[in-house]
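To begin, one chain is listed below as C-alpha cells, in the form predicted on its own.
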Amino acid sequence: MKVFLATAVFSLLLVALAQQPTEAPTGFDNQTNGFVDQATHASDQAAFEAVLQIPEGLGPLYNAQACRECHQNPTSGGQSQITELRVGHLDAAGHFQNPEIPIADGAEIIKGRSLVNDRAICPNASFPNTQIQERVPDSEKVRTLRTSLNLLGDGFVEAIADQTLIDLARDQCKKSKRKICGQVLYVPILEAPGKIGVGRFGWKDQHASLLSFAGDAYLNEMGITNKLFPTEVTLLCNTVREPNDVPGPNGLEHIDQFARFIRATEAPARDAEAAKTTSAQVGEEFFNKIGCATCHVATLATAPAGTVIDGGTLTIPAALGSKTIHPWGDFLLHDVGTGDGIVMAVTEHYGRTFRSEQWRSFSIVDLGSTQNKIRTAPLWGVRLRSRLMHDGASLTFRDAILRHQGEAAHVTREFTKMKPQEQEELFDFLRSL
C-alpha cells in the first residue's frame, strides 16, 4: 500500500512539475519556437513576406502588398514605422460615427469602416478612367494615425487564458482603488461562429484569435478576400474571383499560414548586456515604484498544453503551453489620455454579414465605451522603436511618459518628481527591453 501511495504521489509531482511555467524562447533569428518545424516556419515566413499583385487579388483599396511591409523591424513580424489612417466624426449627441468616403467621383460611398486606405489599384491599363483613391472629406474631424503592431511572440499571447486577463483587470482595479481599471473586451472569434473570447490583438483589442486578426488584415490592409472576410470593400476595378485567398497544395489559405507563422515566432528578446547594468536594474525599481508596472505587466504565463482556445478551434501545444513571457503589457484597454476617439467599426473588423445577436455576450455598448481607450502598448522590443505610443507621435521615452494622463496621471506626476539621474536610469531600463 505504501509503495502504491508513494508511486501515486510521485506521479502527481511529475504532472505538477510538467505544468510549471518555463521561459518562452526569445530572439530575432527567425527560428521557430517549436509550434512547427523549422522548414514549415520558413515556408510560412515566405508567405508572410510575399509581394502580391493585382491578378492575385490585391486591392481594389489597400495599404500594403505584403504583411512584411508593415511588420518588419528588426525582422519579419516585428513592429515598424508604418502607420494607418483612421477617421470619423461625432454626431449631435457626441457619439462617434464612421466616415462616409466617396470614391470614383462620388459614384460609390465607402461605409462601415474607420480605416482610410492609402492606396488603390485604379486608374490602371484596364480601367484608365476609374479613380477610386479614398480621400478624407472635411466632415470627418476625428482623425488619427496608428502604428503597425509587433507580432513576434503573439502565439504566446494568444495562449494566455481569458481568465488570466479577467483576473488581472479585476486585481489592478482593486489594488489601485479604482484609479487604474483595464477593460476586458469580449469579441467574436470569426472561425468559431457564435463563440467569443477576450480581445488582445489590435490597438482596440478587436480580436482574440490570430486567425481572425490575419483575416481582418488581409482584407482591410491588402484587399484580399478570404474565408473569414469574403466580400470586397468595393467591386470597382475588381477583376479577380472571390475569395482571392484560396487553399494551396497544402490545403491552407494564406491566412492560415500567417496565423501559423505568428504562432511559431519567438518572443522579442531583451538586450541581455544592457539588462545587467546597475543603471537598468535601478531603473526597473523606479518603473515599479511609480506605478508603470500596473499596466505594463512584466510577466504573464500561458495556459497549460492541452487547453482548448479560440472557440474550440485550437488546442495549445507543448511549445506554447505553460510558458512564461515578459511583454511588459497587460493587453487590456485603458484611458491614459491618449485615446484617439475612434470606436471599432463592426463591419470592418467582423465582416458585412456580421449580426451581433448571433454572438453570445458580445456587446455593441461595450465597443462604444472604448472610444477614448487604447490597448496598453507591450514594451518588449521597445528599444527597437523610434516612434512611440499608438500613433507614433512620441519620439522619446520622456515624450511618451509625459503624454500619459487619465488613469496614469498619478504615475506621470511621480515621474516628474524624480531627479534627472533617476529619470535617466528609468530610461536605461526601457533601453534594455
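So that there is no doubt, residue numbering starts at 1 and follows the sequence shown. The shown structure was predicted, so the numbers you read here are calculated from the model rather than taken from an experiment.
Beyond what is shown, the protein has a form predicted together with a small molecule; the following relates to that form.
Visitor: Does each of 110, 113 and 352 have at least one heavy atom within 4.5 Å of the small molecule in the model of the complex?
Guide: Zero of three within 4.5 Å in the model of the complex.
Visitor: Taking any heavy atom pair closer than or equal to 4.5 Å as contact, tell me whether residue 35 reaches the small molecule in the model of the complex.
Guide: Close contact is absent here: in the model of the complex, residue 35 is far from the small molecule, nothing within 4.5 Å, heavy atoms only.
Visitor: Although the partner isn't part of this model, could you tell me whether residue 202 comes within 4.5 Å of the small molecule in the model of the complex, counting any heavy atom of the residue?
Guide: Contact with the small molecule, yes.
Visitor: Taking heavy atoms only, is residue 230 within 4.5 angstroms of the small molecule in the model of the complex?
Guide: Contact with the small molecule, no.
Visitor: Wondering, does residue 44 line up within 4.5 Å of the small molecule in the model of the complex on heavy atoms?
Guide: Residue 44 lies outside the contact set for the small molecule.
Visitor: Of the options 76, 148, 322, 234, which one has a non-hydrogen atom that comes within 4.5 Å of the small molecule in the model of the complex?
Guide: Only one option qualifies, and that one is 148.
Visitor: Among 302, 338, 238, 244, which has any heavy atom within 4.5 Å of the small molecule in the model of the complex?
Guide: The residue in contact is 338.
Visitor: So if I measure heavy atom distances to the small molecule in the model of the complex, which of the stretches 255 to 263, 87 to 95, 132 to 140, 355 to 363 falls within 4.5 Å?
Guide: It is 255 to 263 that comes within 4.5 Å of the partner.
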